[in-house]
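Coming up are structure 1 and structure 2: the same protein chain in two forms, each one given alone as structure tokens.
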Structure 1
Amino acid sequence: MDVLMKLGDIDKRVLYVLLVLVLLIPMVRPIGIRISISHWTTKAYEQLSRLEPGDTVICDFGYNVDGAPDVEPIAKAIFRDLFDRNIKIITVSLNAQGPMIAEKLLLPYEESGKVYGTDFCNLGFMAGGETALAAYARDLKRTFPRDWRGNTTSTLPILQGITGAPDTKAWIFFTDSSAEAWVRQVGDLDVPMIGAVITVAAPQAEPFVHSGQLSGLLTGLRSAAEYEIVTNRPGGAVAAMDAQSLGHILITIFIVFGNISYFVKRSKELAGREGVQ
């Protein structure tokens, strides 16, 4: 009985150590748990698979490095898919750290032969929050007269014939907060929009897919892993999924421990009270 009661009082540092172990071990020795593809990822993939080589998409970076572990794997998976299919990417940033994050992700493709200004460009960050977003969604060159690297945007070949979002084939945003800003400011423009949001923001973003304001939704590491699988390019996100599964199992076990202890304590208290009466 005492052992069962103590299950609810395990030092949280024990839980933390166990959590570190169950997250680290599968990273070193993957188990290979099968990953099923969710409806949302399929929908987003179907939308992006309609793009033809030479089409241009806008990728909006709206996350901080803090949210990167959950959102960045989606950006990596999408970049790999789009660049492999020779789709052109224009990056813009609602967030001050966005241009630096985008540069880091674009660098490997530049090194492997993609040409800046023709295959991709990084327009940088515009201060002003949603007002800035509304402005650059409607007129990229006017809002960003110069790109992040200091080039005059009107001279970039990738931007020839493109004024705003409706002149591109898709708008993909990556964010570690809510999707609402994009739905409000880009939603009424004639461009399919795909949201890549941090996992905890998923319930808030899902109504926008139902309403048709978003054409697809990718949420956190799980969606990144699913996207890697549907595009036949398994990478870091797939490897991290085993760790996530084991982590969830461990937390569930501890929740069960806590409840066993709670019910044992309660039954003992009740028995004690009946004894007194």
Structure 2
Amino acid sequence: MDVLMKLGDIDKRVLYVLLVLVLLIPMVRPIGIRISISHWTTKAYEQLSRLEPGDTVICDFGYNVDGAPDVEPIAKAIFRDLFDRNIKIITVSLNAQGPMIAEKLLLPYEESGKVYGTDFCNLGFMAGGETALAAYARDLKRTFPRDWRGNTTSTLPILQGITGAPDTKAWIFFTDSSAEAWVRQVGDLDVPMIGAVITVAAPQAEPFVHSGQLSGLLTGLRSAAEYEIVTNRPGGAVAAMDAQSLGHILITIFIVFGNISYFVKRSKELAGREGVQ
């Protein structure tokens, strides 16, 4: 009983240290806690797994840096999978911060040997919202006469033979808001489209998967971890999910022990009062 009572009086600093350790250890050495693969992730994987080496896809960046924690792990998992299979990537951006985000994600692959203009390119941002999206989905080189790095897009090898979305094998968009803009402007261009959205936007985007307007849907950190697992490329998302799961377990244990300690103390106090009477 005394041990149970003391559990409720543990110094908070000890609890914080334990929580930090539980969060850090999986980030350094992922444990690989088992998670189920959702139907939406499976559909996205099945669509992208059909791509052959040399195929070209468009990745559209439509999120701000404040939405990165929930969406960027998906982008990293997809980039890793596609580049490992020698799929070519064209990045465009519906969001003004998109080109900088894309450049940051592409840089490690360029440093490892991928060739700009041949294996990938970053076309940049075009102002105009859905009007701009409709324009570059139909004619990339006309909408972006120069890319983010100042190159003339008509001279880039990766864009030879490609006018717009129908000339590519897939369109993947990453957003921290609604998926509706892409469904409206790209959905009728006969190209498989996959959405990567923040978790809270999933309910709004799911009907588009049911209707066939989206070929797959990835939502938040969980989907990023699932995609890493199905592609046999565990990375940062799996490690983050391990940390999140262990953190939740530890907090649950704290709550249980705290409540046990409270009820033990309360029962002893009540017993003491009855003894006095």
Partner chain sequence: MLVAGRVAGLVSLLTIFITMMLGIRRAHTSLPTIRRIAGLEAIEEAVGRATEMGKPIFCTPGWSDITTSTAAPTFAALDIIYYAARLAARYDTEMIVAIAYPNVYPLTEQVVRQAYVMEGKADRYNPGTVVFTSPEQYAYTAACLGIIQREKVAATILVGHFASEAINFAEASAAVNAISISGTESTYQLPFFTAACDYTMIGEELMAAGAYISEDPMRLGAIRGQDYAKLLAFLWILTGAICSTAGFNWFEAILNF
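Reference numbering: structure 1, starting with residue 1. Heads up, when I say rigid core I mean the largest set of C-alphas that superpose within 1.5 Å between the two forms. Keep in mind the model is a prediction, meaning the values are calculated, not measured.
Visitor: Please let me know, 1 or 2, which structure is the form predicted together with the partner chain?
Guide: Of the two forms shown, it is structure 1 that corresponds to the form predicted together with the partner chain, while structure 2 does not.
Visitor: After a core superposition, would you say residue 65 shifts its C-alpha by at least 2 Å between structures 1 and 2?
Guide: After core superposition, the displacement of the residue 65 C-alpha between structures 1 and 2 stays below 2 Å, so no.
Visitor: Examine residue 230 after superposing the rigid core and state whether its CA is displaced by 2 Å or more between structures 1 and 2.
Guide: No; residue 230 is a residue whose C-alpha shifts by less than 2 Å between structures 1 and 2 when the cores are overlaid.
Visitor: For residue 211, state whether the C-alpha moves by 2 Å or more between structures 1 and 2 after rigid core superposition.
Guide: After core superposition, the displacement of the residue 211 C-alpha between structures 1 and 2 stays below 2 Å, so no.
Visitor: Would you mind giving the Cα movement of residue 249 between structures 1 and 2 in Å, after fitting on the rigid core?
Guide: C-alpha displacement of residue 249 between structures 1 and 2: 6.5 Å.
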